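Single chain ahead, by itself, as structure tokens, in the form predicted alone.
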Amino acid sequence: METLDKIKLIYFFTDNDALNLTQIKDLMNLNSNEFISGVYSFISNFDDFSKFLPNEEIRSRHREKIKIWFLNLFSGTYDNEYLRQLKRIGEVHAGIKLPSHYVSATMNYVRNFIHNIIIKNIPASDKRNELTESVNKIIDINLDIIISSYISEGKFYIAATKFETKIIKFSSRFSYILDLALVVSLIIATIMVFLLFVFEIYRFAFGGGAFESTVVDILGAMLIVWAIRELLEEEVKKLKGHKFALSAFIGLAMAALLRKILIFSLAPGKSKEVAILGFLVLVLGIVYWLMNKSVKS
């Protein structure tokens, strides 16, 4: 979760920077038509220009939106509503699968255009340097927020109120604690199943257990240990910021059912149960395969 205040703090964007940008708003407004002409000339060199802007009607609307965005750079008002607008821009670009390096390259053009206007109209001085630095900050902030929409793990939630911010922060921390507790629980479960594995070997060696049933119990325990290990690995990845793979749970369920099938296979009169469990394993196997296939594609 991010707020614009936090982002501005990261970039050391101050009230003085906002004031600097408002001071050149009229100058940029006078050059806005030149900007639109120049930026369109620039982006028309992109290979997929006609794909994303196929006709003049769409291009006309796009020009107007770019002009509004350009002038808003110098509005002096950079609040959470401004952040939402930038986020929507990024989501639209990500939704049409516009390559992110097109966005970065265009931002670089915008930065250079503004710098050139400042150099042409403002004499060399400390003030000109200040203005240039403020422009760099607002461009970097815009690029940061827009590009973040391309990264699913990096998408941020924009809280509307301070109370909402506190609730979200508390929920995030509580969820993290639950994830830690789940990791600890999985470790304990793995140890317990491993002890069961050792016990089966001990019972066979010193207790005279049947060889066939012991082998089945050992194989069942090994399946559960394997499935829990996969689940534990996915949970650790989630703690590191990755997406959780639901397929790990399906793998655990399949391992539990296979263990049950192995046990029932030794018991007389359990053919019906084995057939039902086998069908469930088949269904779960198909779901598992489809999930992994969709992730890879």
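Values in this document were obtained by computation on a predicted structure and should not be read as measured data. Heads up: residue numbers just count along the shown sequence, starting at 1.
Although not depicted, the form predicted together with a small molecule is the subject of the following passage.
> Tell me, please, which stretch of 179-187, 118-126, 218-226, 105-113 lies within 4.5 angstroms of the small molecule in the predicted bound form when heavy atoms are compared?
In the other structure, the partner sits against 105-113.
> Using heavy atoms only and a 4.5 Å cut-off, determine which of 201, 92, 191, 167 is in contact with the small molecule in the predicted bound form.
The residue from 201, 92, 191, 167 that makes the contact is 92.
> Considering non-hydrogen atoms and a 4.5 Å limit, which listed residue (145, 138, 98, 131) is close to the small molecule in the predicted bound form?
Checked against the cut-off, the match is 98.
> Does at least one non-hydrogen atom of residue 254 fall within 4.5 angstroms of the small molecule in the predicted bound form?
Output for residue 254 is no: heavy atoms all beyond 4.5 Å of the small molecule.
> Is there a non-hydrogen atom of residue 43 within 4.5 angstroms of a non-hydrogen atom of the small molecule in the predicted bound form?
Residue 43 belongs to the contact set for the small molecule.
> With heavy atoms only and a cut-off of 4.5 Å, decide whether residue 272 touches the small molecule in the predicted bound form.
Although the small molecule is absent here, residue 272 would stay clear of it in the predicted bound form, with no heavy atoms inside 4.5 Å.
> Wondering, does residue 258 line up within 4.5 Å of the small molecule in the predicted bound form on heavy atoms?
No, residue 258 sits far enough from the small molecule in the predicted bound form that none of its heavy atoms falls within 4.5 Å.
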